[in-house]
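Given next, in structure tokens, is a single chain: the form predicted on its own.
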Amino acid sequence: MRKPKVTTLKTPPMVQIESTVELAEALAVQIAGILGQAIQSTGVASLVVSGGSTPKPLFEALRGQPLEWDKVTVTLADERWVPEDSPDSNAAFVKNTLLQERAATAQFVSLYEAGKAPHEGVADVDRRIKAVATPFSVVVLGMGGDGHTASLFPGAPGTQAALEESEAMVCIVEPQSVPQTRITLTLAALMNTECQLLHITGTEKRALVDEVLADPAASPYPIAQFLRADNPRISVYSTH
């Protein structure tokens, strides 16, 4: 494999690699290293991942990393309120793409409560997430073209509560731009981590991140909450 071209910038640290696959491989090595250090230090590690199309090559690269996966707990930054047999389920996506090969022994914590409506099941989900050891070892964030991350959609009912909530780990969000109700980790929960990694590909998303970084405090996009200059946890992994 040819050596990838990497550019490292500051504020926040940014790794840029031309190839989507090589970007995913570099990020997988970084995540595995952090998880391994957590296991060595505390005996366990926790990994929060995102859905969507971007993380597929990352999950395929990460699942083969030599790691004590039986000591890793994996959960989601957000989920559609749908059962796992739905093609829209992030849980199914993670189980089919990440929790395979070496990673098959990892524990998975779902954000969905079968047989219950969102308002009925959210407390059960909150209790499950609170049982996961925190601070999370790694939180991997994605970003949509509208600047949302997790299910923190701009202007959606529930987003402001999720940004302001300090006690609950999860909140219900009802974005008008998508068909399903979402459940998302709150801003406070996503900030309760040793390391945040924003994984983006494509020129449009990179341009949006550059726009936000120009003045995060003035940005209307939820991703700006994580790209503030006073957030030392976050690094950005991006294609050129």
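All residue numbers refer to positions in the sequence shown, first residue = 1. Since the structure is predicted, the reported quantities are computational estimates derived from the model, not experimental observations.
We do not show the form predicted together with a small molecule, though everything after this point is about it.
Although the partner is absent here, Gly158 sits far enough away that none of its heavy atoms falls within 4.5 Å of the small molecule in the predicted bound form.
Residue contact check for Gln40: none of its heavy atoms lie within 4.5 Å of the small molecule in the predicted bound form.
Not displayed here, the small molecule is kept clear of Pro175 by more than 4.5 Å at the level of heavy atoms in the predicted bound form. Though the partner is left out of this view, Asn90 does reach within 4.5 Å of the small molecule in the predicted bound form, counting heavy atoms only.
Of the candidate stretches 127 to 135, 106 to 114, 149 to 157, 165 to 173, only 149 to 157 has residues whose heavy atoms lie within 4.5 Å of the small molecule in the predicted bound form.
Taking Thr186, Thr193, Thr54, Ser46 one by one, only a single residue has any non-hydrogen atom within 4.5 Å of the small molecule in the predicted bound form, and it is Thr54.
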